[in-house]
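Next up: a single chain in structure tokens, the form predicted alone.
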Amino acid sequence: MTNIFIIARKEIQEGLRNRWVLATTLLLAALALTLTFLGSAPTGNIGASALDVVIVSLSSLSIFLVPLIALLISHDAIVGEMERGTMLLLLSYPVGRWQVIAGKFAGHLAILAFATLLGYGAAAVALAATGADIDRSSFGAFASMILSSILLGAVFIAIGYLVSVLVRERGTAGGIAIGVWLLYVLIYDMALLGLLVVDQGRIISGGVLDALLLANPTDAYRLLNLSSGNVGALSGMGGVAENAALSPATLVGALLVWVAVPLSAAALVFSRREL
């Protein structure tokens, strides 16, 4: 555990030196505040809580932005150090390769969690400062959205590590990372929507649809945050949630599996890779 903590601290310090923490926090805060003040305007017309509108806006933003940030900070975590020659120096110390993966993951996740908590938290603070009425259920949904956004980031950090250990050049890792982002954030859902339109309910049953939704971590995140209560009515995801028999526990479990599988695979591949 000591080695993991030391490596995690090293990643956080490098993130501070490279201004990753500051840049990510400012970006998320700026976008969150913009969506808060621009998106809360119609609440009087639709009878929804201002915070519910913010949850819908920030969840939609997170689906695009959080995976991209996670992949950008993780895709060269291993291959980058191998190109610079610093990985050989790191492994000359009494540290296991799995500890390198675990430590880097903890450090990058801490950076993303800090930026998300501070950036999105600024939106809630700003909304409360305006005197908006925030009930307990909306606050709970907002807290759940922040935590699940961090979990979504963890998924794509783990995927970024798997990419990083499978390639030999940083440029290749960067290209694959962008491809992964496009696949899960844009292409997958467009293909799924086209498939459902063509199928017209003949082959794809509710169980198959559930499996297809769980096969994409961004869909699991979307259902978790945009399918219940007032938020579901605002986002238009309520109907999808009714047809998908997926509980919040199942969706959280799916996201945890999406973290564990690529991270374990990355550790296994790295343990067998020649430097």
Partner chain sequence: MVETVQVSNVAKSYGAVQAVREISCVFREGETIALVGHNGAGKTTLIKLMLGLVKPTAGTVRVLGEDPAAGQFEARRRLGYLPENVSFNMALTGRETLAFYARLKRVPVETTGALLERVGLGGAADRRVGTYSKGMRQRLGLSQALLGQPRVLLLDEPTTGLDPALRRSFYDIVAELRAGGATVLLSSHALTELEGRADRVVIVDRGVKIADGTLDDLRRIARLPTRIRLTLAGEVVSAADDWARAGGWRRVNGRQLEIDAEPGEKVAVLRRVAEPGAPVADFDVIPPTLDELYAHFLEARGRGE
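The shown structure was predicted, so the numbers you read here are calculated from the model rather than taken from an experiment. Residue numbers count along the first chain shown, from 1.
Omitted here: the form predicted together with its partner chain. The next part is about that form.
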Does each of Gln13, Ser92 and Gly96 have at least one heavy atom within 4.5 Å of its partner chain in the predicted complex? yes
Against its partner chain in the predicted complex, would Leu88 count as a contact residue? Criterion: heavy atoms within 4.5 Å. yes
Would Leu268 sit within 4.5 Å of its partner chain in the predicted complex, counting heavy atoms only? no
Under a 4.5 Å heavy atom criterion, is Arg170 part of the interface with its partner chain in the predicted complex? no
Please identify, from 153 to 161, 139 to 147, 189 to 197, 96 to 104, the stretch that has a heavy atom within 4.5 Å of its partner chain in the predicted complex. 96 to 104
Within 1 to 17, which residues come within 4.5 Å of its partner chain in the predicted complex, counting heavy atoms only? Thr2, Asn3, Ile6, Ile7, Arg9, Lys10, Gln13, Glu14, Arg17
